[in-house]
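Only one chain is included here, represented as C-alpha cells and corresponding to the form predicted on its own.
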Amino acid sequence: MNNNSYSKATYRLYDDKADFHKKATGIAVGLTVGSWTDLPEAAKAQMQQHLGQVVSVSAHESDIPGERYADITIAYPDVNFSRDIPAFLVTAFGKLSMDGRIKLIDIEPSADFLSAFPGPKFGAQGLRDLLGVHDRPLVMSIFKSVIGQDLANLREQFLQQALGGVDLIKDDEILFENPLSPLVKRVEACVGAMKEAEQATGQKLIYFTNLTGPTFSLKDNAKRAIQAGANGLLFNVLAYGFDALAELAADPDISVPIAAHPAMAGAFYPSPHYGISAPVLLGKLMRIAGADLSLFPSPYGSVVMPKAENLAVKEALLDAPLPQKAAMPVPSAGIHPGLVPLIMNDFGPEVVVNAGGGVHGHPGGPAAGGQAFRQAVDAVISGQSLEHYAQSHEPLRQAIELWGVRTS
C-alpha cells in the first residue's frame, strides 16, 4: 500500500455564517486523526501520514438571497481505510453526512484504491459485442404486471416483448422469489421464450433476471440463475450496497453483464443540501463497483431528474477518467417512441432506450411497441423525422398518434 496516496471527496456545504476554511480544516482533521492542535509534536509526527488535507475551498453566493455555500475538497490518506467502497464512504461521508446542510458532490479515488476493483466485466463495448449491435442505441423492454403472474403468463409476456426486436429485457425490480415464479423456473421459462424469439427475429437478446435474496445467498442465486440460462442480472444495488455489487462483478463464475437498478436512489440524490449527488451515486460508484449498465431517472418522463444532472451521470458512466470500463447509461421512466430523437440528441448513440409502458401500452401490443422503438431509432439514424418515417411504418405511426413527438 502506498502510504502517500490520497483519495479525494468534494462537498457542497451550505451555511450562512460559517468560516468555510475553518470548516474545511475541521472536516479534514475530524474525519481522520480526530484532533490535531492539542497533540504533542511527537504524536503529530507519528500521525501526519493519517491526517486529512484540505485541497481547495471555493465560496459562492447562492441564487437564494442571503444563502452562501462553498465547494470543499478534502484528500483522505489511503492508509486510513481498507480497499472497499463502504470503508471509503464511511471515511469521507459517514458522520459528516449528518453535520448540517452538506452534500457529497464528487469523488476522486486514488489509483491505488481503484486498483482493487476490476469494474464491469463487459461494459458498454462488451455489451454491444455480446449482441452484435454496434451502429445504434440499444433498446430495452421492462416486464410489467409481474406480481401474481404464473410462469406461463410471464413466458408469454417475455415472448411478445422479444418479438418486437428489443435487445434487452429486464425483470421488474419488485419481482422477488415467490411460489408462482421461483428464480430457476422463471429463468427457464423466459430463456425458452428468448430462444423462440431469436429463431423468429434472428436477433440476439440479453435477459436481466432480478437477483434477490439474503445478501450471503446472492452469489449462489446468481450462479443458479446463470446455470438455468440467464445471460444477464438485474441488481438493486442501493438496497444491498456497493460492496455486494463489487463482489458479484469480481466473481469469475458470474460471467454475465449486471444492470444496476436505482431503487432507493431518491433517498440520496434529489436534495440540493443533503445526500450524495446522482453522478457519484448512479455514475462513478456504479461503474467502479462493476455495473455494466446503470439505470437512472430520465429528464423526460414520469420520474424526472434535471437534464444537467442526467448528462453528468452519463458523463460519469462513459467518460470519467477511471481505469474501469465505461458503463452503459440507461435513462428510464416514462419513455415512449416519440422521445427517441430527444434521447439520441441529448445522449448520443451510446445509450439504452428503456421502456415499460411505452412498449406494453402500444395499441398493437408489446411486439408492436418494441417495433415502434426500433423504427424510431432507425428514423433518427436515417435523418428522417418520426412523422415522415411513420408514414410507411405502422407501429411507429400508432405510437405517435397515442403519445406524440417531443422535441425539447
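On a predicted model such as this, the values are computed, not experimentally measured, just so you know. Throughout, we count residues from 1 along the sequence that is shown.
Although it is not shown, the form predicted in complex with another copy of the chain is what the next lines describe.
Colleague: Just one stretch in 224-232, 170-178, 323-331, 200-208 has heavy atoms within 4.5 Å of another copy of the chain in the model of the complex, so which one is it?
Modeller: Heavy atoms within 4.5 Å of another copy of the chain in the model of the complex occur in 170-178.
Colleague: Is P257 one of the residues lying within 4.5 Å of another copy of the chain in the model of the complex, judged by heavy atom distances?
Modeller: Although another copy of the chain is absent here, P257 would stay clear of it in the model of the complex, with no heavy atoms inside 4.5 Å.
Colleague: I'd like to know if M264 sits close to another copy of the chain in the model of the complex, meaning any non-hydrogen atom pair within 4.5 angstroms.
Modeller: Judged by the heavy-atom cut-off of 4.5 Å, M264 is in contact with another copy of the chain in the model of the complex.
Colleague: Check whether P306 has any heavy atom within 4.5 Å of a heavy atom of another copy of the chain in the model of the complex, and answer yes or no.
Modeller: So P306 does not count as contacting another copy of the chain.
Colleague: Taking any heavy atom pair closer than or equal to 4.5 Å as contact, tell me whether S82 reaches another copy of the chain in the model of the complex.
Modeller: Contact with another copy of the chain, yes.
Colleague: Please tell me whether the candidate spot formed by L31, G148 and S271 is one where all three residues come within 4.5 Å of another copy of the chain in the model of the complex (heavy atoms).
Modeller: Answer is yes for this spot.
Colleague: Using a 4.5 Å heavy atom cut-off, which residue among Y300, F93, F122, F117 comes into contact with another copy of the chain in the model of the complex?
Modeller: When another copy of the chain is considered in the model of the complex, the option within 4.5 Å is F93.
Colleague: Ok, D243, E188, E108, D112: which has a heavy atom sitting within 4.5 Å of another copy of the chain in the model of the complex?
Modeller: Checked against the cut-off, the match is D243.
Colleague: Even though the chain is shown alone, can you say which residues of 195-230 have a heavy atom within 4.5 Å of another copy of the chain in the model of the complex?
Modeller: G213, P214, T215, F216, L218, K219 sit within 4.5 Å of the partner.
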